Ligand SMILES: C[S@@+](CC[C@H](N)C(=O)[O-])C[C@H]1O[C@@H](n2cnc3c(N)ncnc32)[C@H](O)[C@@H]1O
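Listed next as structure tokens is one chain, alone, in the form predicted alone.
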């Protein structure tokens, strides 16, 4: 864990931006009667129009940002994902892709290039992106790298009705606002944020939504009567339900870091999974650097799978990222790339290690594959399938 005292100091402009958002949050606390749920607070920190981390113009990805995602590490990630997409497309008459939170646009460009090479291009590549700044950067990047395919890409505000195709969500659920619950001696309270003088601080209160009471009872049955803090991602479950409402035929690939329910509520995770990232340094204090740092929480894949089933989707597979990429042929793709280029071979070997080793992203990240109206199984997602653990 990084101590917050060792974090780099923001420059003057960034500090002023953060103070502007902090004042906005304080006003929201006052308007709400003295406190906000952590989910409301996290939503403001990340998505407040023009001020939140994902709504403002600072660069998030890569060495000059705060974190790096798999598509930024290597094009092999997206090209391997394209092989899984191709398996789905072989069963569909209408072939479309919908990507949530497209980051720099690199994944979209790499997927389209691979599908073009395989003569399996989608009719449309839709992107739903909350950040206006990122939408603009995505458009510039995609137009630069694949100008002849740019007309297939379209940015949307909502999910298309009766969608047929593949839905992609790479590191999307972890950035959805979460409710924080504190269990102690068989009782549960929700953690809120209040304003004390010039500082924000945690406080406890009653559960803000009736649905949390049912979920709290379920969590209590897993953890027992111990002192335990954890997160509940109601937004992710509602998001799955919205996908189910609009998916006519196809598959959904949810790629994120997280656990099945048994491991999510492990005794060692009694402080929760909430983390903040600022200039590639992780820490656990969300009450500072408002609008300047990313906030994330690990994904409970069991709850996502249950939401999918409850809304008429089929849970097709559940794998580690390593197994998903190996099944998709990442080693074969690398081999075909680097047959005559020793330097590229070494570079890609290092990239594959970052994507697949258990000590890197290979085990921490999981892939939940959901489907509807697919007549055949997707054989690649059955390799080392872990649905039994859900």
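Residue numbers count along the first chain shown, from 1. Remember, it's a predicted structure, so these values are computed and weren't measured experimentally.
Note that the form predicted together with the named molecule isn't included here; everything after this is about it.
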{"property": "Listed residue (319, 290, 170, 300) with a non-hydrogen atom within 4.5 angstroms of the named molecule in the predicted bound form", "result": "170"}
{"property": "Residue among 110, 231, 129, 190 with a heavy atom within 4.5 Å of the named molecule in the predicted bound form", "result": "129"}
{"property": "Among 311 to 319, 209 to 217, 118 to 126, 172 to 180, the region lying within 4.5 Å of the named molecule in the predicted bound form by heavy atom distance", "result": "172 to 180"}
{"property": "Proximity of residue 71 to the named molecule in the predicted bound form, heavy atoms at 4.5 Å", "result": "yes"}
{"property": "4.5 Å heavy atom contact, residue 286 and the named molecule in the predicted bound form", "result": "no"}
{"property": "4.5 Å heavy atom contact, residue 99 to the named molecule in the predicted bound form", "result": "yes"}
{"property": "Touches the named molecule in the predicted bound form: residue 103 (any heavy atom, 4.5 Å)", "result": "yes"}
